[in-house]
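The form predicted alone is given below as one chain in structure tokens.
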Amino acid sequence: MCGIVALVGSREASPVLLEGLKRLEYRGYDSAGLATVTTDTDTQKGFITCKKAEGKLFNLVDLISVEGAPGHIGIGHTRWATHGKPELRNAHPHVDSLGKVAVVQNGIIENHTLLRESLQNKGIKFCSETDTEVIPHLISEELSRLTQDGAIPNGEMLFLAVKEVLNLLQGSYALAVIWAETPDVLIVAKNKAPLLIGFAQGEFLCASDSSAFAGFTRTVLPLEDKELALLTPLGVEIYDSLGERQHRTPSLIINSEKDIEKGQFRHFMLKEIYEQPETADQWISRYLPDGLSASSPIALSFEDSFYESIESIQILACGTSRHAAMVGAYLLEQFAGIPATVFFASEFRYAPPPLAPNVLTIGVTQSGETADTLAALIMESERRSNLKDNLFSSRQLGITNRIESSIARQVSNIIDIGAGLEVGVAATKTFFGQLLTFYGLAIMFAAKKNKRSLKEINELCSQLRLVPNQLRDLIKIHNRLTEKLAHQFVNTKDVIFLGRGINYPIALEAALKLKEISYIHAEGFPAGEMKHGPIALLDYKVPVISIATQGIVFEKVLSNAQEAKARDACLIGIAPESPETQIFDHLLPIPKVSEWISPLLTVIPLQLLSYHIAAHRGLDVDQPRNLAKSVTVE
């Protein structure tokens, strides 16, 4: 969840570290800090300069501009709080009692309580509530022991000390360590949390996300689990947990990140909502170009056997990705005729379904780093690998917006949604890209398994090609309508969203968006379930937002909306203009389209409404409280 950077080289480290942290701030913005090693010109002894600031990164930038942090080697961190409140004392880096060892970490040390108690029994005093602080104290303790054992070069000594401490840690971690006695040695290590090394001439940058390398290098090498690396300006040495030297070739980042600016937009979220027609255009150009064959109507490079051997699909996802997966499951079942079930990735690990033959497991994660989803995929692969029957072999597919991420290294089959860098923490265009990907999969399965006629498949493909221009019109119209409507939510504390069928997941996603950025309590329900309990919540203070699109449940949704209106609820409709939809107090109109396509349109006014409500309240839309863009801890 947190962002870490570390640099060793010959130039001043702090400007590079701050630039890296700027690109990683979406991973956490409760606090930020950095530490560097400097050699005193008189005594020739090294010392650590550690600077921290609570809140957003600009506070640290201001502090460094005044007080400085000299040195050619350093580590930096932007925090999303797990252990300990978002306070200055819990900010990284953490140092040992002597102030000579500094550590930044992403992940969770599960046995930190026992380690802390052991250190406290030895007289060590802790300054923070974090799990990370045990690490510099343990390293310092090990360095003291190694110093007594004999004359070991300091760089090797730090490496050995970190290696020994890693054996004591249980859980996930990506960490970087510096020591005052080694002003040219950086040690990094990882287990179940992402960490990459970027290669430049005479300097190396380590980071928890490839976005930190923009402007520095495109040549990177991801560390594997339980590996640690020793870095100096002269080179990089990587070792496994047994101490065996590893030799791998770095690779190029395919999609190097560029500086992203808000331009004319007030927030990145609004900009990214406006970029969804472009996302659709690019997806169509890439996956639905003209001239494809009837047997392969979507440009996915999987063998025919990939589709033909699959009897059912299980989808693992969290948050917004799970809502996209729910739309996907509906399409796979109702259009392609293949059973599909969506699981919370966090629950799947501990309560998986019974093993069944010929199952495709799909992991959906916009960042490619979602810890629960990655762990669930690993667990599913491992439990299937124990079976000799080939029918039960692990077949996995990853859907992500970051093809250089962990899921792409973990899963052999990957679909890149190609939405481009998304800065806003609340996903919009990446959700849209995930939806399009599931449309593509449903069309391919329907074609390969002969579940739909050529006419039906061509009709859906034709409708998809119309979506970009429909989106442009919708965004223009609803940006104005929702901005005006947002003023009525000034004192709103609860909102209900209703949907049915393929649009029920859109109701869930709309409720999540409103919660994420406006801090208004919101819930999404299947419209038919309102009378089975939730209707007790309704009165004139609770707006009900209902998604009613042309199709098999259109009249049913309108009937459910009438039930809410009879309880004095303010009724807002996402529906086409028609005599039937005049029941709504406020209508956010969408065109009359096929029910299959409707989620791609109904989501637009709901995204914009959430945005304008939050912006009208003066909230931090792009970096809402307590959230981070990617969830890399369980």
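Every value quoted in this text rests on a predicted model; they were computed, and no experiment measured them. Heads up: residue numbers just count along the shown sequence, starting at 1.
Keep in mind the form predicted together with ligand F6R is missing from the figure; the text below concerns it.
Note on the interface: of 183 to 191, 529 to 537, 165 to 173, 422 to 430, the segment with non-hydrogen atoms within 4.5 angstroms of ligand F6R in the predicted bound form is 422 to 430. Taking a 4.5 Å heavy atom cutoff to ligand F6R in the predicted bound form, the contact residue among Val364, Ile135, Val101, Leu205 is Val364.
Proximity to ligand F6R in the predicted bound form, defined as a heavy atom within 4.5 Å, singles out one entry of Leu460, Ile197, Ile298, Leu512, which is Leu512. Not one of Glu278, Gln470 and Leu600 comes within 4.5 Å of ligand F6R in the predicted bound form, counting any heavy atom. The shortest heavy atom separation between Gln434 and ligand F6R in the predicted bound form is within 4.5 Å. Taking the partner from elsewhere, Glu516 is found to have a heavy atom lying within 4.5 Å of ligand F6R in the predicted bound form.
Although the partner is absent from this view, Gly319 contacts ligand F6R in the predicted bound form, with a non-hydrogen atom inside 4.5 angstroms. At the 4.5 Å threshold, heavy atoms of Thr370 reach ligand F6R in the predicted bound form.
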